[in-house]
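This document opens with one chain alone, in C-alpha coordinates, the form predicted alone.
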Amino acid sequence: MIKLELKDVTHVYGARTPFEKTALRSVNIGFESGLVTGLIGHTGSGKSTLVQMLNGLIRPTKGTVLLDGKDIWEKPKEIRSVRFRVGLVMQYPEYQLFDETVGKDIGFALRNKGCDPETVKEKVSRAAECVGLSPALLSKSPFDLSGGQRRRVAIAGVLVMEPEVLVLDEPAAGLDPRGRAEILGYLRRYGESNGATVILVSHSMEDMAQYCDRVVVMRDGEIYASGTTEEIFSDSDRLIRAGMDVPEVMKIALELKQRGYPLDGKLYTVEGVRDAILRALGKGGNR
(Lines give C-alpha, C1' and ligand atoms only; values in the text may rest on other atoms or scores of the structure.)
Protein backbone atom coordinates (compact mmCIF):
# COMPACT_ATOMS: atom_id res chain seq x y z
CA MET A 1 0.00 0.00 0.00
CA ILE A 2 1.26 3.48 -0.88
CA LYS A 3 1.86 5.45 2.31
CA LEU A 4 3.47 8.62 0.99
CA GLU A 5 3.19 9.90 -2.55
CA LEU A 6 4.30 12.79 -4.74
CA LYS A 7 2.00 13.68 -7.63
CA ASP A 8 3.20 15.93 -10.46
CA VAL A 9 5.53 17.74 -8.06
CA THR A 10 7.65 20.58 -9.39
CA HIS A 11 9.78 22.88 -7.29
CA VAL A 12 11.50 26.06 -8.40
CA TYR A 13 13.96 28.02 -6.29
CA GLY A 14 14.17 31.78 -6.80
CA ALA A 15 11.21 31.88 -9.20
CA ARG A 16 11.08 34.95 -11.44
CA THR A 17 14.57 36.05 -10.40
CA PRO A 18 17.93 35.82 -12.21
CA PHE A 19 18.75 32.90 -9.88
CA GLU A 20 15.73 30.79 -10.83
CA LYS A 21 16.48 27.06 -10.70
CA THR A 22 14.14 24.14 -11.19
CA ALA A 23 15.07 21.44 -8.67
CA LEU A 24 12.22 19.00 -9.40
CA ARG A 25 10.22 18.52 -12.60
CA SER A 26 6.82 16.78 -12.58
CA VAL A 27 7.91 14.08 -10.14
CA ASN A 28 5.53 11.18 -9.55
CA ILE A 29 6.60 8.56 -7.01
CA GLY A 30 5.02 6.52 -4.24
CA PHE A 31 6.62 4.99 -1.15
CA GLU A 32 5.09 1.78 0.18
CA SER A 33 4.34 0.79 3.76
CA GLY A 34 6.68 -1.74 5.35
CA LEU A 35 9.42 -1.37 2.74
CA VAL A 36 12.83 0.29 2.72
CA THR A 37 13.18 2.46 -0.37
CA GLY A 38 16.58 3.76 -1.40
CA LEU A 39 16.92 7.17 -3.04
CA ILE A 40 20.05 7.73 -5.09
CA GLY A 41 21.33 10.28 -7.56
CA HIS A 42 24.40 12.39 -8.17
CA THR A 43 24.80 15.85 -6.59
CA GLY A 44 22.20 18.24 -8.00
CA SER A 45 19.75 15.49 -8.94
CA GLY A 46 17.03 16.84 -6.64
CA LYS A 47 17.28 14.33 -3.79
CA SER A 48 17.60 16.88 -0.99
CA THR A 49 14.67 18.95 -2.23
CA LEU A 50 12.48 15.87 -2.54
CA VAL A 51 13.42 14.67 0.95
CA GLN A 52 12.53 18.00 2.54
CA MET A 53 9.12 17.94 0.88
CA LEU A 54 8.20 14.62 2.44
CA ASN A 55 7.48 16.14 5.87
CA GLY A 56 6.60 19.65 4.80
CA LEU A 57 9.90 21.49 5.25
CA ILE A 58 9.52 22.66 1.65
CA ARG A 59 6.20 23.24 -0.11
CA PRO A 60 5.99 22.26 -3.80
CA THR A 61 5.74 25.05 -6.35
CA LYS A 62 3.30 22.78 -8.17
CA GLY A 63 1.83 19.38 -7.42
CA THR A 64 0.78 17.52 -4.30
CA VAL A 65 2.41 15.54 -1.48
CA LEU A 66 -0.02 12.92 -0.14
CA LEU A 67 0.17 11.09 3.19
CA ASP A 68 -2.41 8.29 3.39
CA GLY A 69 -4.02 9.87 0.34
CA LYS A 70 -4.44 13.32 1.90
CA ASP A 71 -2.65 16.48 0.82
CA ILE A 72 -0.27 17.41 3.64
CA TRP A 73 -0.69 21.09 2.71
CA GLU A 74 -4.49 21.03 2.75
CA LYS A 75 -4.35 22.77 6.14
CA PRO A 76 -1.03 24.64 6.25
CA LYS A 77 -1.45 25.61 9.92
CA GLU A 78 -1.49 21.90 10.82
CA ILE A 79 1.71 20.98 8.96
CA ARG A 80 3.43 20.44 12.34
CA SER A 81 1.29 17.34 12.89
CA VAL A 82 2.69 15.85 9.65
CA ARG A 83 6.22 16.16 11.06
CA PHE A 84 5.29 13.92 13.98
CA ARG A 85 4.15 11.27 11.51
CA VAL A 86 6.99 11.67 8.99
CA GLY A 87 10.32 11.67 10.83
CA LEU A 88 13.26 13.25 9.04
CA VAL A 89 16.91 12.64 9.99
CA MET A 90 19.22 15.00 8.13
CA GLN A 91 22.88 14.26 7.38
CA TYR A 92 25.20 14.35 10.43
CA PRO A 93 22.30 14.76 12.90
CA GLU A 94 24.67 14.44 15.87
CA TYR A 95 25.60 18.09 15.35
CA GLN A 96 22.03 18.99 16.36
CA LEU A 97 22.28 17.50 19.87
CA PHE A 98 21.91 20.08 22.62
CA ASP A 99 20.42 18.76 25.87
CA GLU A 100 22.34 17.96 29.05
CA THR A 101 21.75 14.19 29.00
CA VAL A 102 21.19 11.56 26.34
CA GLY A 103 17.77 10.70 27.78
CA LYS A 104 16.61 14.32 27.76
CA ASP A 105 17.85 14.83 24.21
CA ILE A 106 16.02 11.76 22.92
CA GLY A 107 12.83 12.75 24.74
CA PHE A 108 12.80 16.41 23.69
CA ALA A 109 10.18 16.04 20.94
CA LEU A 110 7.87 14.07 23.25
CA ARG A 111 8.08 16.73 25.95
CA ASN A 112 7.49 19.38 23.32
CA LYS A 113 4.39 17.46 22.26
CA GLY A 114 3.11 17.48 25.86
CA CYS A 115 3.52 13.80 26.76
CA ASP A 116 3.51 12.89 30.46
CA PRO A 117 6.86 12.00 32.11
CA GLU A 118 6.16 8.27 32.43
CA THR A 119 5.28 7.98 28.74
CA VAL A 120 8.41 9.93 27.84
CA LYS A 121 10.59 7.66 30.00
CA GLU A 122 9.11 4.48 28.51
CA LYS A 123 9.40 5.63 24.90
CA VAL A 124 12.91 7.02 25.36
CA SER A 125 14.03 3.66 26.75
CA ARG A 126 12.46 1.83 23.81
CA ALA A 127 14.00 4.17 21.21
CA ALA A 128 17.44 3.91 22.82
CA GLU A 129 17.24 0.11 22.78
CA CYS A 130 16.15 0.20 19.14
CA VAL A 131 19.43 1.87 18.11
CA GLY A 132 21.68 -0.09 20.46
CA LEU A 133 22.19 2.45 23.25
CA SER A 134 22.51 0.91 26.73
CA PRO A 135 20.35 2.28 29.61
CA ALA A 136 23.53 3.43 31.37
CA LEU A 137 24.17 5.97 28.62
CA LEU A 138 20.84 7.77 29.11
CA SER A 139 22.17 9.74 32.09
CA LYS A 140 25.41 10.77 30.36
CA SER A 141 26.03 13.94 28.41
CA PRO A 142 25.70 13.30 24.66
CA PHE A 143 28.91 15.27 24.20
CA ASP A 144 30.86 12.65 26.16
CA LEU A 145 29.95 9.93 23.65
CA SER A 146 31.74 8.76 20.54
CA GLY A 147 30.67 9.99 17.12
CA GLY A 148 28.84 6.75 16.36
CA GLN A 149 27.00 6.85 19.69
CA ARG A 150 25.95 10.46 19.13
CA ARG A 151 24.57 9.44 15.73
CA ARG A 152 22.48 6.80 17.48
CA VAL A 153 21.20 9.38 19.98
CA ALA A 154 20.12 11.70 17.17
CA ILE A 155 18.32 8.91 15.31
CA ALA A 156 16.65 7.73 18.53
CA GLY A 157 15.37 11.30 18.96
CA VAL A 158 13.31 10.77 15.80
CA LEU A 159 12.39 7.13 16.42
CA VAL A 160 10.96 8.08 19.84
CA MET A 161 8.03 9.67 18.00
CA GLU A 162 7.33 6.27 16.40
CA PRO A 163 6.92 7.85 12.95
CA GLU A 164 4.88 6.07 10.32
CA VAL A 165 7.42 7.24 7.74
CA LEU A 166 11.14 7.53 8.49
CA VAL A 167 13.31 9.51 6.07
CA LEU A 168 17.08 9.42 6.53
CA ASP A 169 19.68 11.40 4.60
CA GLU A 170 23.01 9.51 4.65
CA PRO A 171 22.42 8.04 8.14
CA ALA A 172 25.67 6.03 8.05
CA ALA A 173 27.93 8.72 6.55
CA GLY A 174 31.37 8.83 8.16
CA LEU A 175 30.91 5.65 10.19
CA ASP A 176 33.22 2.65 10.04
CA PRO A 177 31.92 -0.55 8.37
CA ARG A 178 30.71 -2.04 11.64
CA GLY A 179 28.93 1.16 12.63
CA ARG A 180 27.29 1.40 9.20
CA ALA A 181 26.02 -2.16 9.40
CA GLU A 182 24.64 -1.66 12.91
CA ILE A 183 22.85 1.63 12.17
CA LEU A 184 21.33 0.45 8.89
CA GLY A 185 20.38 -2.88 10.42
CA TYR A 186 18.57 -1.10 13.27
CA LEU A 187 16.68 1.08 10.82
CA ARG A 188 15.61 -1.85 8.68
CA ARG A 189 14.36 -3.72 11.74
CA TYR A 190 12.43 -0.63 12.86
CA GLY A 191 10.60 -0.59 9.54
CA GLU A 192 9.88 -4.32 9.65
CA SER A 193 8.68 -4.40 13.27
CA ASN A 194 6.51 -1.28 12.99
CA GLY A 195 5.26 -1.66 9.43
CA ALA A 196 6.81 1.76 8.80
CA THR A 197 7.86 3.25 5.49
CA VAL A 198 11.63 3.82 5.50
CA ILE A 199 13.27 6.06 2.90
CA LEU A 200 17.04 5.89 2.82
CA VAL A 201 19.19 8.44 0.96
CA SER A 202 22.77 7.33 0.40
CA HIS A 203 25.65 7.63 -2.04
CA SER A 204 26.74 4.14 -1.05
CA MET A 205 25.60 1.67 -3.67
CA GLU A 206 26.56 -1.13 -1.28
CA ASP A 207 24.04 0.22 1.27
CA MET A 208 21.34 0.43 -1.39
CA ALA A 209 21.96 -3.13 -2.51
CA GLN A 210 22.16 -4.58 0.99
CA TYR A 211 19.33 -2.87 2.86
CA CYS A 212 16.71 -1.64 0.38
CA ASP A 213 13.65 -3.40 -1.03
CA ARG A 214 13.17 -0.79 -3.74
CA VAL A 215 15.42 1.84 -5.30
CA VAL A 216 14.59 5.18 -6.91
CA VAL A 217 17.22 6.79 -9.14
CA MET A 218 17.06 10.56 -9.67
CA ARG A 219 18.68 12.56 -12.43
CA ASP A 220 18.38 16.28 -13.22
CA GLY A 221 15.32 16.77 -11.03
CA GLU A 222 13.38 13.82 -12.46
CA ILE A 223 12.81 10.16 -11.66
CA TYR A 224 15.23 8.38 -13.96
CA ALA A 225 14.43 4.82 -12.82
CA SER A 226 12.39 3.09 -10.13
CA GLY A 227 11.92 -0.55 -9.25
CA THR A 228 12.90 -3.40 -6.97
CA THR A 229 16.53 -3.51 -5.90
CA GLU A 230 17.11 -6.47 -8.20
CA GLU A 231 15.52 -4.69 -11.18
CA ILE A 232 17.65 -1.58 -10.68
CA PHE A 233 20.96 -3.34 -10.11
CA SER A 234 20.44 -5.86 -12.88
CA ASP A 235 20.99 -3.03 -15.40
CA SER A 236 24.44 -1.66 -14.58
CA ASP A 237 24.59 0.31 -17.84
CA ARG A 238 21.51 2.30 -16.87
CA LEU A 239 23.05 3.21 -13.51
CA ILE A 240 26.25 4.35 -15.17
CA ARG A 241 24.27 6.51 -17.62
CA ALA A 242 22.67 8.18 -14.60
CA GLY A 243 26.11 9.09 -13.32
CA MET A 244 26.03 6.41 -10.63
CA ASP A 245 28.46 3.66 -9.78
CA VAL A 246 27.70 0.02 -8.98
CA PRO A 247 28.67 -1.93 -5.84
CA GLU A 248 32.30 -3.05 -5.82
CA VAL A 249 31.28 -6.69 -5.49
CA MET A 250 29.14 -6.30 -8.59
CA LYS A 251 32.19 -5.06 -10.54
CA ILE A 252 34.01 -8.24 -9.53
CA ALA A 253 31.07 -10.37 -10.65
CA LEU A 254 30.84 -8.60 -14.01
CA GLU A 255 34.59 -9.05 -14.56
CA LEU A 256 34.28 -12.77 -13.80
CA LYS A 257 31.38 -13.07 -16.25
CA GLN A 258 33.50 -11.40 -18.95
CA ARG A 259 36.14 -14.01 -18.28
CA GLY A 260 33.65 -16.77 -18.96
CA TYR A 261 32.35 -17.75 -15.54
CA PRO A 262 28.59 -18.55 -15.76
CA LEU A 263 27.43 -16.40 -12.87
CA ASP A 264 23.77 -15.64 -12.27
CA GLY A 265 21.50 -14.51 -9.47
CA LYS A 266 21.80 -11.44 -7.22
CA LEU A 267 25.20 -10.23 -8.32
CA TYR A 268 25.00 -6.97 -6.37
CA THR A 269 25.51 -8.28 -2.81
CA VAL A 270 28.40 -10.17 -1.25
CA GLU A 271 26.14 -13.11 -0.41
CA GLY A 272 24.66 -13.21 -3.90
CA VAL A 273 28.05 -13.20 -5.62
CA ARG A 274 29.39 -15.80 -3.21
CA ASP A 275 26.51 -18.15 -4.00
CA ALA A 276 26.86 -17.53 -7.73
CA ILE A 277 30.57 -18.39 -7.61
CA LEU A 278 29.89 -21.57 -5.62
CA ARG A 279 27.25 -22.63 -8.15
CA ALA A 280 29.64 -21.91 -11.02
CA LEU A 281 32.26 -24.08 -9.33
CA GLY A 282 29.73 -26.86 -8.86
CA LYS A 283 29.65 -26.57 -5.07
CA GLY A 284 26.13 -25.25 -4.68
CA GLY A 285 25.05 -21.99 -3.10
CA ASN A 286 22.95 -20.57 -0.32
CA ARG A 287 25.09 -21.95 2.45
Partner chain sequence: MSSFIETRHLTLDYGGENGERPIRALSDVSLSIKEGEYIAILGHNGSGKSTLAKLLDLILFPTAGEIEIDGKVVTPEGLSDDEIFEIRRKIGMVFQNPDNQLVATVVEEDVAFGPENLGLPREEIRARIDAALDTVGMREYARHAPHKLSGGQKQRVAIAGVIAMMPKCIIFDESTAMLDPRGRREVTDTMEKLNRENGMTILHITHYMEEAARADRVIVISDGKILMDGAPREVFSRVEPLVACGLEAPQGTELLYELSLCGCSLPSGRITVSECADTLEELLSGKRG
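Residue numbers count along the first chain shown, from 1. Bear in mind that the values here come from a model prediction, so they are computed numbers and not experimental data.
The next section is about a form of this same protein that is not shown, the form predicted together with its partner chain.
Judged by heavy atoms within 4.5 Å of its partner chain in the model of the complex, the contact stretch among the candidates 25 to 33, 64 to 72, 223 to 231, 249 to 257 is 249 to 257. Within 4.5 Å of its partner chain in the model of the complex, a heavy atom is found for every one of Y261, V273 and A280. Among heavy atoms of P177, some come within 4.5 Å of its partner chain in the model of the complex. Contact check for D245: a non-hydrogen atom falls within 4.5 Å of its partner chain in the model of the complex. In the model of the complex, its partner chain sits beyond 4.5 Å of every heavy atom of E162. In the model of the complex, at least one heavy atom of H203 sits within 4.5 Å of its partner chain. Although its partner chain is not shown here, in the model of the complex the stretch 130 to 152 places no heavy atom of any residue within 4.5 Å of it.
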